[in-house]
Structure formats: C-alpha cells, structure tokens
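Okay, here we've got a single chain as structure tokens, the form predicted alone, with questions on binding and movement later.
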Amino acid sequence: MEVVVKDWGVSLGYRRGALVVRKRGGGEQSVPLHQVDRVWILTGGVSISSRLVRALARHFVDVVFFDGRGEPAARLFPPEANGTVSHRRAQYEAYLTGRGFELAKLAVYGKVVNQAAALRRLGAWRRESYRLLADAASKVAGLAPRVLACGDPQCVLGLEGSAASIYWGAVSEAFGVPSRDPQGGDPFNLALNYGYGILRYAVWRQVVIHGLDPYAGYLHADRSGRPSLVLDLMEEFRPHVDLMVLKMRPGLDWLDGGVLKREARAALVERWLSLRLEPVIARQVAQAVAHLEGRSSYQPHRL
C-alpha cells in the first residue's frame, strides 16, 4: 500500500505494528506495517515519530519528501539498502573503458525512439492532428540511429535537443499546450516538472538499491549536487510522464498561488503509481549494472 500524505497538520506515528495516520481536527487511520510499501509526504506541516521511522526502516519501507515543485527533497531508507561496492567500482571503471558512454547513448536512443512512439500514440488520441503527429514521429525516429553513431557527448546532446524540438513543437500545436519550458509557470509545465521529479526519485531509488553512485554519470556534466547518472538513466522514461500529464489535462484550477495545489500533486503521484513503472525501472537499472560490468549489453526500454 502506498501512503500519500498531502494535507497539513497530519501526524504519523507507530502503534502495535502499525502506521497510524492522525489528521488535524480528528480522524485516525491505522495501516499494518507489512502492508505499507512506501510513504509519500507531499507538503509541509507533517510530523513523523522517530519510533515510526525506525519501524519503517526495519521493514525496508521508503519515506520520501517532495517539495512543491516536485523535487525529491529527502528520502529515508535503511543503511543496508545500498547494494554492493563492486557495482560502484564497475561504474567508475566504465569511464575508462567507454562502456559508460555507450550506456548513456543507449538510454538517449531509447528516449528518442519512445518520443516517436508517443507521438504515434498521441495521433490516435487526436485524430484531427494525426498527420502532423505522424510526420513529427517519422522525423524523430530518423534521428534515433544517429545517436548510436555519436562519438562524444556533445553529438548525443545535440541530437537529443533536435528530437525534443520536433517532439514538443508537434505536441504543442496538436494539443494547444504551451511549449516545453522547465521554468514555465503554467499548469502544463508545472505538472511536467512534478512528474519528472517523481520519475527522478524512482530512478534514484533504484540506482542506490543497486549500489551505484547517483552523481557519477556519463552524459550530463559533473556538477556538485547534480545526480548525473540518475539523469542519464531516466531519459528513456520521460515520454511516459509526458503522456500521463497530457491525459490528465492540467488547467488553471490546478494552481494555487503560482504552484500546483496539494490535490494536484497527489493526483500526479497516484496516476504515476497506477502506471506500475517502478518494477520496469528496477529491471532497467539492473541491466545497466550488467552492462557496466561487461556481462551484457543494455537494451533500452520501449514505450
């Protein structure tokens, strides 16, 4: 069971083997810990007891905190859940062998292929824009093989940017949504940012579980505090978030004071959970480990 906390004044405690949720003004819910898969805290004004934190850690239950923009601000997890050191050694050695760069290229290849697939799927949703979306899908798909032929990160990033320009241009025209702008304050871009934040957390979680270093990537430049490997590995899943947000049709009623309402944030988390992508992400990260160790070649996820 996923426990999603979106309201102010909620208190989380522990009693007789159960997580107890108490709401301000009354109301209490008790959930046996063996039924709790994860606790999502999406707002401030929430208290959590140390006894509950210890109990959740013993049951390997994640507690994750998001800020209002969808940034995963903190995660509580037990110290044992961080994989093996041999995976990190392989990750660092892959810089020298080139296997790391090959992994990053395959992930971007997967993203571009999935963007083309998403455009075709959107054409079925919006029949009056089918030709526009189908043409864009063909152009994006044509860029994918060129990603695999790149010899340096600049080439990969350039092609990724070209695909994104075609992709978002067609989506914007067909659905009447604003162009993609990570700094945009409209409901569509804010919802996308929040969805990507959830995706980033999900990939980050698996990267740590599999014993990899989240900050040592191969495509995104190293910068203090930037989880470069997480950013590399999440690329091929972004079109899932795009489709999810487009289907939810965020409007002005999603906003309160220039940010997403708590109800909108909770709706995004619940829709994400309904996609059941996290087992797929776990398999892809395990594949990435095998690739970095030279045991097999990474196969990108297909939409």
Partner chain sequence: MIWLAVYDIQDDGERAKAAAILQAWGFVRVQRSFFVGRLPRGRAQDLLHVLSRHVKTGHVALIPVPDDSLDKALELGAPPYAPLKPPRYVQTLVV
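All values derive from a computational prediction rather than experimental measurement. Positions refer to the first chain, counted from 1.
Keep in mind that the form predicted together with its partner chain is not shown, yet the notes after this line are about it.
Using a 4.5 Å cut-off to its partner chain in the predicted complex, not one of Asp135, Ala137 and Ser165 places a heavy atom inside that distance.
Residue contact with its partner chain in the predicted complex: Val53 places no heavy atom within 4.5 Å of it. Although the partner is absent here, Pro32 is a contact residue: one of its heavy atoms lies within 4.5 angstroms of its partner chain in the predicted complex. Heavy atoms of Leu303 never reach within 4.5 Å of its partner chain in the predicted complex, leaving it off the interface.
Though the partner is left out of this view, Arg16 does reach within 4.5 Å of its partner chain in the predicted complex, counting heavy atoms only. Contact with its partner chain, judged by heavy atoms within 4.5 Å in the predicted complex, is confined among 245 to 253, 63 to 71, 23 to 31, 231 to 239 to 23 to 31. Looking at 233 to 258, no residue comes within 4.5 Å of its partner chain in the predicted complex, counting any heavy atom.
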